[in-house]
Structure formats: structure tokens, C-alpha cells
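Single chain ahead, written as C-alpha cells, the form predicted alone.
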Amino acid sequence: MNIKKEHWRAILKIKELFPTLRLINQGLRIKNDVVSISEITSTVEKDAVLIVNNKNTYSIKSNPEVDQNLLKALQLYLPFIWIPLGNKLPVVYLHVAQSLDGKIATNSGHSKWIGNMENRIHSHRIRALVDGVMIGGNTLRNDKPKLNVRHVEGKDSVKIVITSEENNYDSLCTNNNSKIICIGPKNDKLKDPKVTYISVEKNNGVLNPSEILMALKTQGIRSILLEGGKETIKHFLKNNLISMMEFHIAPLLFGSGINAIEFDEIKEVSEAIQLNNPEYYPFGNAIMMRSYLNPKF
């Protein structure tokens, strides 16, 4: 999806201004791609957009003369910014690139690149809007990701790795020295000076996702992009802690490989997780599906 540079800069400005809003009687006004805080009015001037608070989410007021590309950009990226300030836990967004038959990697762990360039740009935009990007230790070891925003304008967010083992964090070290957090059970052997370690107790042999989020909230993190891998996704989904899911569906068939989502066997269709009001976006030769869940906050 093509987003104009000036529209992306307006979205970055919205991210900057949002925490300063008085959500009762103020909104954000976009006029000629300049974003400012504005008192809420019943009418919107020509070529302007007014974004207002609406029961912990937002609504967009505009006139027909407004650039439709701006409205599409707002529809795509405002959900990553407009987060209720009173949430007890960080909001978690899931974004995965998968084959048509639901695979995120081959059996050997190879996954570069399932998503096309448009998808990589989109995921980097999300990284620039959230407070943290989170992966599991296996994803770090197999993919050696950078988790930065090198394809778009914006700042790197905090990089979060869920693991109980020592790892090589060199791939996450970028020129702007964004913070790296390793979160897992207490282990006095983990002493990489580049990393902030946070201890979380295991519950039945598994790190409790709610405890992980509570620990991250104490670090000032209010929003998280979850990028994998399958075990991390599984536990956050099973605990109903993912607010929104995006699946970039590439025109590929693996026939084997690692599933994006893998739970215990269900017996009836009614046991499946229901994805609400799915939205579909074209991304080059692929398509992205977005859907909202009902997380526990």
C-alpha cells in the first residue's frame, strides 16, 4: 500500500502529540498535512481532518475534498497510536507474514522473505509507532533480526526478547542504541552489558504472558508489536492478550513447514477463535487481513 511521505510524517506527528491530548474536548486537526491540537467542533473546514476521541477509540471527521490517501493512511495506522491511557497492560498487536497455507517458515526455520517489500515497509511503520517490538528467543537465534525501522522514517522502539537462555544480541544493536530487554526466569549467568534483564517466574513450566506484560508496563511500554515465533504467539493468543492480528498472506504454497498458529486439536468448528470484522488490504502481489480480538485489560 502506497503511503505518501507527507502523510506518514503527519502520522508520526500524531504519535508525538497524542499523549498531550485532553481526550474529553480536544482532537487532532490535520490541515495541509500539518497536525495540531484543536478544540472539537461540529463542523470541519474544507480540506481538513479532525480526529476525536470516541469511547476509548477515535472517529475521523472530514469533508469530501480531503485527500483519500490520507484517510486510508489514518485507517491503517491510527489503531497503533490511539491507546487508552488507563490500560492496565500494554496493548499487543500481532503481525505475521505467512504462506497461503499458513506457514511462517520452512521446517529448517528459513523465512526470508515470505512477505514482499510492501509488507516489510508496513511492518517497519508499525515498529516506529509502538513502544516495543517483541520476539521469542528462537526467532532471535534463527532469523537474527534487526527489529529496526530502516525502511521508513521514524525512531526504533524498544526491542524485547522472551528467553531463558543466553543469546547473541548483535543483530539488534543499531546505530541509535535503542534499548534491548531480555525477559525470562531469573538467571544470574545472563550478563550482556547491552541488555536490560527482567525476571518473570514460570507457571507450569511456561512464562506467564500476563506477568510479562505487567513487567514491561513498569518499563513505560504501552504498546507492543509481536512478530513471533509460533510458541510466543501461541501463549499470548491462548491467554487472550492480543488486541489486533494482521496476517500478510503471500502467494506461496509450502506444503510443509512451521505453522503460524498451532494449538491443541479442536473437535468442532465452534471451538475456533473468532476473528471479528476482518479488514482486507492489498499489498503488492499479496493481501493483508486485519482483525480485532477482545483482550483482557
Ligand SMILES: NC(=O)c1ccc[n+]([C@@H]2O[C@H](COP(=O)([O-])OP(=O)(O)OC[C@H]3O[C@@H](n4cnc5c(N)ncnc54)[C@H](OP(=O)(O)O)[C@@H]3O)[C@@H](O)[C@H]2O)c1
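These figures come from a predicted structure and were not determined experimentally. Numbers follow the displayed sequence, beginning with 1.
There is another form of this protein, the form predicted in complex with the named molecule, and it is not shown here; the text below is about that form.
A residue is said to contact a partner when one of its heavy atoms sits within 4.5 Å of a partner heavy atom; residue 164 meets this definition for the named molecule in the predicted complex. The named molecule is not drawn, but in the predicted complex it has no heavy atom within 4.5 Å of residue 118. Contact annotation: residue 141 falls within 4.5 Å of the named molecule in the predicted complex, judged by heavy atom distances. By the criterion of a heavy atom within 4.5 Å, residue 132 is excluded from the residues contacting the named molecule in the predicted complex.
Partner proximity in the predicted complex, defined as non-hydrogen atoms within 4.5 angstroms of the named molecule, places exactly one of 187-195, 213-221, 71-79, 96-104 at the interface: 96-104. Comment: the named molecule is not present in this chain, but in the predicted complex one of 128, 114, 160, 91 has a heavy atom within 4.5 Å of it, namely 114. Along 236-255, no residue reaches a heavy atom to within 4.5 Å of the named molecule in the predicted complex.
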